[in-house]
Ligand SMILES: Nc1ncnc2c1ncn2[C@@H]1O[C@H](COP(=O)(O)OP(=O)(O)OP(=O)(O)O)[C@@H](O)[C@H]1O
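This document opens with one chain alone, in structure tokens, the form predicted on its own.
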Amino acid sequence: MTPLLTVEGLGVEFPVGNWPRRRTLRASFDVSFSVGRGEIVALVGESGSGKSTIGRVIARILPAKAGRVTLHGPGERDTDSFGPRAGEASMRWRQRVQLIFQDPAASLNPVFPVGHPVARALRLHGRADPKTVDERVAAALEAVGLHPGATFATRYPHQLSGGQRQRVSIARALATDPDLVIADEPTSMLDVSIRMDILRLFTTIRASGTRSVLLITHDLASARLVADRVVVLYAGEVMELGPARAVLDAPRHPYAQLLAAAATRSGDLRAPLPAAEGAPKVIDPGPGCPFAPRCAQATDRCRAERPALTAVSPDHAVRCHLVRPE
């Protein structure tokens, strides 16, 4: 598959506390994966695993401490090539990479009607002139299921349902005709009854074969439904990546197995998960596998030596000392 986006050795850190007791929060460490043209790739993991941080780095909202993000295609460019005055180049990147935020209510300005952010995106990126902008806004809203578009464009966010607001956010993102859409937990704020409709929109987005979607989610059911490939994150590191069916239906890493068990276990919420209790250590993490403190199968080697991301098949890789190639 022709690559559209390549992430190589991405690292993101944030300082925590004040000097002299300042420490480092490692939000992402040595993260590498790719997104092909016309592909949906899902970043999955529990809260705090670094999913949204990675998405914001790719969208150039947050800076990276290490690594490189390359956007292939016309005007190919990577994050290392941006200088301090890269206004035009940065605008071109943002035209090609659009981010849909988790909370549609917070991402829309309540002062303006919902047609405003769509029109602004069209004007900023030269996708419409003053004579045609209203028509283009209506068409963009209708493309995501808001009919009639001209009527919806005049409404304010508080006059729309949660699902309708999320559709407006998607219309705003698609207005720039991007190559990559990053959807950050796009259904987590919505009722179960309309989640399926929003997920179907993402399959429509990539239907042309040239536009791709990076889906950030903790919902394995959503990933299984629409994703072609899955990247499992824990404490800012890639634990497993590969085809969605292989990773979600037959996970190899103990953490991926834990996620699958949590998603498929019976309705008895008191049933213990197959791992020790605890939380990811992302502040000044020590050596070894980050999941070792919670892993029921961990050995002394797991606690002392960080495992490499090892291919277990041509398109499936796992970061675990206990997993061997097939």
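Start at 1 with the first residue shown and count on from there. So that the term is clear: the rigid core is the largest set of C-alpha atoms that superpose within 1.5 Å between two forms. Given the structure is predicted, the values throughout are model-derived calculations rather than measurements.
Heads up, the form predicted together with the named molecule isn't pictured, but that's what we're talking about next.
Participant: Which one of Gly48, Gly36, Gly288, Gly67 is close to the named molecule in the model of the complex, taking close to mean a heavy atom within 4.5 Å?
Facilitator: So the residue touching the named molecule in the model of the complex, by this definition, is Gly48.
Participant: Taking the named molecule in the model of the complex as the reference, which of Cys302, Leu25, Leu309, Val312 has a non-hydrogen atom within 4.5 Å?
Facilitator: Result of the distance check: Leu25.
Participant: Does Glu185 reach the named molecule in the model of the complex if we count a contact as any heavy atom within 4.5 Å?
Facilitator: The answer is yes: Glu185 has a heavy atom within 4.5 Å of the named molecule.
Participant: Using the arrangement in the model of the complex, list in sequence order the residues of 299 to 321 with any heavy atom within 4.5 angstroms of the named molecule.
Facilitator: Nothing in this stretch is in contact.
Participant: Cα of Arg22 displaced 2 Å or more between this form and the one not shown, core superposed?
Facilitator: Comparing forms between this form and the one not shown, the Arg22 CA shifts at least 2 Å.
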